[in-house]
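Starting off, we have a lone chain in the form predicted on its own, written out as C-alpha coordinates.
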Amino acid sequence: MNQNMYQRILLKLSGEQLAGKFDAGIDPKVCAWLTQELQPALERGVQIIIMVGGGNFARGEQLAGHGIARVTADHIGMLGTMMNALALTDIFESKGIKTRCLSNIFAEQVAEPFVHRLANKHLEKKRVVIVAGGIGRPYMTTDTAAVALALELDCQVVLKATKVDGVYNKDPVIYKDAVKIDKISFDQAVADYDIKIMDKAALGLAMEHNLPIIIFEAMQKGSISRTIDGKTTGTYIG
(Lines give C-alpha, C1' and ligand atoms only; values in the text may rest on other atoms or scores of the structure.)
Protein backbone atom coordinates (compact mmCIF):
# COMPACT_ATOMS: atom_id res chain seq x y z
CA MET A 1 0.00 0.00 0.00
CA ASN A 2 1.20 3.49 -0.79
CA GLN A 3 2.76 4.99 2.35
CA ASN A 4 2.46 8.58 1.11
CA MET A 5 -0.27 10.73 2.53
CA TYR A 6 -3.44 10.81 0.45
CA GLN A 7 -4.17 14.32 -0.82
CA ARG A 8 -7.91 14.01 -1.48
CA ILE A 9 -10.04 11.46 0.34
CA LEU A 10 -13.68 10.52 0.69
CA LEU A 11 -14.76 9.60 4.21
CA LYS A 12 -17.95 7.56 4.44
CA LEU A 13 -19.73 7.91 7.79
CA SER A 14 -22.80 5.96 8.83
CA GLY A 15 -25.79 7.46 10.55
CA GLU A 16 -25.33 5.01 13.42
CA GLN A 17 -21.88 6.46 14.12
CA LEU A 18 -23.27 9.99 14.25
CA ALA A 19 -25.94 8.83 16.71
CA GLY A 20 -23.18 8.00 19.19
CA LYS A 21 -24.63 7.03 22.57
CA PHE A 22 -28.21 7.55 21.40
CA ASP A 23 -30.51 5.01 19.76
CA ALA A 24 -31.42 7.55 17.06
CA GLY A 25 -30.73 11.15 16.10
CA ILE A 26 -27.36 12.90 16.38
CA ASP A 27 -24.84 12.98 19.20
CA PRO A 28 -23.18 16.43 19.02
CA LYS A 29 -20.24 15.20 21.11
CA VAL A 30 -19.38 12.59 18.48
CA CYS A 31 -19.56 15.19 15.71
CA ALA A 32 -17.36 17.58 17.69
CA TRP A 33 -14.87 14.76 18.36
CA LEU A 34 -14.67 14.12 14.61
CA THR A 35 -13.54 17.71 14.05
CA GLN A 36 -10.57 17.10 16.35
CA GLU A 37 -9.72 13.91 14.49
CA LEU A 38 -9.86 15.57 11.06
CA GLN A 39 -8.05 18.78 12.00
CA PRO A 40 -4.46 17.38 11.74
CA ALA A 41 -5.09 16.14 8.19
CA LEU A 42 -6.70 19.43 7.17
CA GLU A 43 -3.71 21.34 8.53
CA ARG A 44 -1.47 19.23 6.29
CA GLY A 45 -3.54 20.22 3.26
CA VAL A 46 -5.59 17.04 2.81
CA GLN A 47 -8.86 17.72 0.98
CA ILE A 48 -11.81 15.93 2.59
CA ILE A 49 -15.23 15.00 1.23
CA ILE A 50 -17.68 13.36 3.63
CA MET A 51 -20.61 11.22 2.54
CA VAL A 52 -23.08 10.63 5.36
CA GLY A 53 -25.61 7.85 5.76
CA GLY A 54 -29.03 8.32 7.31
CA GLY A 55 -29.72 5.11 9.22
CA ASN A 56 -29.98 6.94 12.55
CA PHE A 57 -33.16 8.54 11.21
CA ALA A 58 -34.56 6.25 8.52
CA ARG A 59 -33.56 3.32 6.30
CA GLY A 60 -35.35 3.09 2.99
CA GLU A 61 -35.07 -0.68 2.73
CA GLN A 62 -36.65 -1.14 6.17
CA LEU A 63 -39.44 1.39 5.60
CA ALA A 64 -40.60 -0.07 2.30
CA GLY A 65 -43.83 -2.04 2.44
CA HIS A 66 -47.17 -1.74 4.24
CA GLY A 67 -48.26 0.93 1.79
CA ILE A 68 -44.93 2.74 1.45
CA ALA A 69 -43.39 2.29 -2.00
CA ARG A 70 -39.67 1.47 -2.13
CA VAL A 71 -38.93 4.66 -4.07
CA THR A 72 -40.69 6.76 -1.43
CA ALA A 73 -38.91 4.88 1.36
CA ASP A 74 -35.55 5.60 -0.26
CA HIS A 75 -36.49 9.26 -0.57
CA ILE A 76 -37.21 9.31 3.18
CA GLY A 77 -33.77 7.79 3.76
CA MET A 78 -32.21 10.56 1.67
CA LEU A 79 -33.90 13.12 3.91
CA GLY A 80 -32.25 11.39 6.86
CA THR A 81 -28.84 11.96 5.27
CA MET A 82 -29.78 15.61 4.78
CA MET A 83 -30.44 16.06 8.51
CA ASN A 84 -27.08 14.49 9.35
CA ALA A 85 -25.21 16.61 6.81
CA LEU A 86 -26.78 19.86 8.02
CA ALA A 87 -26.00 19.12 11.67
CA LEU A 88 -22.46 18.01 10.90
CA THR A 89 -21.84 21.13 8.81
CA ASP A 90 -22.93 23.47 11.62
CA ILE A 91 -20.87 21.63 14.24
CA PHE A 92 -17.78 21.67 12.02
CA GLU A 93 -18.21 25.39 11.39
CA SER A 94 -18.66 26.06 15.13
CA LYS A 95 -15.30 24.37 15.71
CA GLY A 96 -13.54 26.57 13.16
CA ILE A 97 -13.49 24.14 10.23
CA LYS A 98 -14.70 25.75 7.01
CA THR A 99 -17.40 23.42 5.69
CA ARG A 100 -20.02 23.41 2.98
CA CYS A 101 -23.09 21.17 2.71
CA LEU A 102 -23.98 20.09 -0.83
CA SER A 103 -27.03 18.02 -1.70
CA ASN A 104 -27.83 15.56 -4.46
CA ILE A 105 -31.53 16.11 -3.88
CA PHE A 106 -33.31 19.42 -4.48
CA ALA A 107 -33.17 21.34 -1.19
CA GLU A 108 -31.84 24.76 -2.10
CA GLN A 109 -33.34 26.45 0.96
CA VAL A 110 -31.05 24.49 3.25
CA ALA A 111 -28.07 23.31 1.15
CA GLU A 112 -26.20 24.11 -2.03
CA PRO A 113 -26.95 21.81 -4.96
CA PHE A 114 -24.18 19.35 -5.71
CA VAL A 115 -22.32 20.54 -8.79
CA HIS A 116 -18.98 19.06 -9.74
CA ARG A 117 -17.25 22.39 -10.34
CA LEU A 118 -18.69 23.92 -7.17
CA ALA A 119 -17.52 21.00 -5.04
CA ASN A 120 -14.02 21.30 -6.49
CA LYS A 121 -13.92 25.04 -5.80
CA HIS A 122 -14.85 24.47 -2.17
CA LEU A 123 -12.14 21.82 -1.82
CA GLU A 124 -9.54 24.09 -3.42
CA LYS A 125 -10.49 26.75 -0.85
CA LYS A 126 -9.64 24.28 1.93
CA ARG A 127 -13.25 23.63 2.89
CA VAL A 128 -14.60 20.27 3.96
CA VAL A 129 -17.41 19.22 1.61
CA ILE A 130 -20.25 17.23 3.19
CA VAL A 131 -22.61 15.62 0.69
CA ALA A 132 -26.23 14.78 1.51
CA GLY A 133 -28.83 12.81 -0.41
CA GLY A 134 -26.65 9.89 -1.40
CA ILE A 135 -26.54 9.74 -5.18
CA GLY A 136 -30.01 11.26 -5.42
CA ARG A 137 -31.67 8.15 -6.84
CA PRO A 138 -33.54 5.25 -5.22
CA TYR A 139 -32.18 1.69 -4.98
CA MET A 140 -28.65 3.06 -4.43
CA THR A 141 -27.03 2.81 -1.01
CA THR A 142 -24.83 5.56 0.38
CA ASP A 143 -21.92 3.11 0.04
CA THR A 144 -22.41 3.04 -3.73
CA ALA A 145 -22.99 6.80 -3.72
CA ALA A 146 -19.73 7.29 -1.82
CA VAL A 147 -17.72 5.36 -4.42
CA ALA A 148 -19.42 7.19 -7.30
CA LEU A 149 -18.75 10.55 -5.64
CA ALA A 150 -15.13 9.67 -4.96
CA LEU A 151 -14.64 8.81 -8.62
CA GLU A 152 -16.35 12.01 -9.76
CA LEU A 153 -14.15 14.16 -7.53
CA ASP A 154 -10.90 12.30 -8.30
CA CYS A 155 -10.37 11.03 -4.76
CA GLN A 156 -7.42 8.73 -4.23
CA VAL A 157 -9.18 6.50 -1.73
CA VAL A 158 -12.51 5.82 -0.01
CA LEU A 159 -12.28 5.48 3.75
CA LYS A 160 -15.29 3.65 5.13
CA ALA A 161 -15.70 4.12 8.86
CA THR A 162 -17.26 1.16 10.66
CA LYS A 163 -17.80 -0.13 14.18
CA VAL A 164 -15.09 -2.77 13.75
CA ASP A 165 -11.44 -2.38 12.80
CA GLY A 166 -11.62 -3.96 9.36
CA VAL A 167 -12.91 -6.92 7.38
CA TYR A 168 -13.16 -10.32 9.07
CA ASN A 169 -13.74 -13.77 7.61
CA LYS A 170 -17.02 -13.81 9.61
CA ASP A 171 -18.90 -11.48 11.92
CA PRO A 172 -16.54 -10.73 14.86
CA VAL A 173 -19.46 -9.61 17.03
CA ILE A 174 -21.02 -13.08 16.82
CA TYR A 175 -17.98 -15.33 16.35
CA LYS A 176 -15.11 -15.06 18.82
CA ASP A 177 -12.78 -16.95 16.45
CA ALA A 178 -13.27 -14.49 13.57
CA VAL A 179 -10.00 -13.62 11.86
CA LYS A 180 -9.20 -10.11 10.67
CA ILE A 181 -8.03 -9.66 7.06
CA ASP A 182 -5.43 -6.91 6.58
CA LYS A 183 -5.58 -6.81 2.79
CA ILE A 184 -7.96 -8.31 0.25
CA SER A 185 -8.47 -8.01 -3.49
CA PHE A 186 -11.63 -6.66 -5.05
CA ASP A 187 -12.27 -10.05 -6.64
CA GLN A 188 -12.18 -11.74 -3.24
CA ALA A 189 -14.33 -9.08 -1.57
CA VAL A 190 -16.99 -9.26 -4.27
CA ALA A 191 -17.03 -13.05 -4.49
CA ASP A 192 -17.09 -13.81 -0.75
CA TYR A 193 -20.73 -13.83 0.39
CA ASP A 194 -19.68 -13.53 4.06
CA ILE A 195 -18.05 -10.14 3.48
CA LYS A 196 -20.92 -7.73 4.02
CA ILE A 197 -19.04 -4.69 5.33
CA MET A 198 -19.87 -2.86 2.07
CA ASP A 199 -22.46 -3.64 -0.56
CA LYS A 200 -21.36 -5.51 -3.67
CA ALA A 201 -22.47 -2.77 -6.07
CA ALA A 202 -20.10 -0.32 -4.36
CA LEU A 203 -17.24 -2.82 -4.40
CA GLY A 204 -17.88 -3.65 -8.06
CA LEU A 205 -17.81 0.02 -9.07
CA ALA A 206 -14.58 0.60 -7.16
CA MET A 207 -13.06 -2.52 -8.73
CA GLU A 208 -13.99 -1.38 -12.23
CA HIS A 209 -12.12 1.88 -11.72
CA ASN A 210 -9.36 0.55 -9.45
CA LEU A 211 -10.28 2.88 -6.58
CA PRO A 212 -8.97 1.49 -3.27
CA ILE A 213 -11.23 1.24 -0.23
CA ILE A 214 -10.07 1.12 3.36
CA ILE A 215 -12.37 -0.28 6.01
CA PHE A 216 -11.43 0.99 9.47
CA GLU A 217 -12.78 1.91 12.90
CA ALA A 218 -13.06 5.69 12.93
CA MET A 219 -14.00 6.10 16.57
CA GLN A 220 -10.52 5.30 17.86
CA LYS A 221 -8.37 8.33 18.60
CA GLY A 222 -5.92 9.02 15.78
CA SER A 223 -7.27 6.33 13.45
CA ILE A 224 -8.45 8.79 10.79
CA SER A 225 -5.05 10.51 10.57
CA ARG A 226 -3.22 7.18 10.51
CA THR A 227 -5.47 5.88 7.76
CA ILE A 228 -5.06 9.03 5.66
CA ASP A 229 -1.29 8.61 6.05
CA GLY A 230 -1.50 5.06 4.72
CA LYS A 231 -0.77 3.57 8.16
CA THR A 232 -4.17 2.07 8.76
CA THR A 233 -4.78 -0.81 11.10
CA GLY A 234 -7.94 -1.56 9.10
CA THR A 235 -8.42 -3.57 5.91
CA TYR A 236 -7.20 -2.41 2.51
CA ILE A 237 -9.38 -3.51 -0.42
CA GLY A 238 -7.81 -3.06 -3.83
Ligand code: UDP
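Residue numbers run from 1 along the displayed sequence. Fair warning: this is a prediction, and the values are worked out from it, not measured in the lab.
Keep in mind that the form predicted together with ligand UDP is missing from the display, and what follows is about it.
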- Which residue, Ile135, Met83, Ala107, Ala119, has a heavy atom that falls within 4.5 Å of ligand UDP in the predicted complex? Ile135
- Item | Sole residue of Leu123, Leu102, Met140, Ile97 within 4.5 Å of ligand UDP in the predicted complex, by heavy atom | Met140
- Query: So in the predicted complex, does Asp229 come within 4.5 Å of ligand UDP, heavy atom to heavy atom?
  - Reply: no
- Message: Within 4.5 Å, heavy atoms only: does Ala58 come near ligand UDP in the predicted complex?
- Response: yes
- Message: Is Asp74 near ligand UDP? Define near as a heavy atom within 4.5 Å, in the predicted complex.
- Response: yes
- Heavy atoms within 4.5 Å of ligand UDP in the predicted complex: does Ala145 have any? yes
- Pick from 85-93, 149-157, 164-172, 126-134: which stretch has non-hydrogen atoms within 4.5 Å of ligand UDP in the predicted complex? 126-134
- Note on the structure: Within 5-27, the residues having any heavy atom within 4.5 Å of ligand UDP in the predicted complex are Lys12, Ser14, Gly15, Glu16
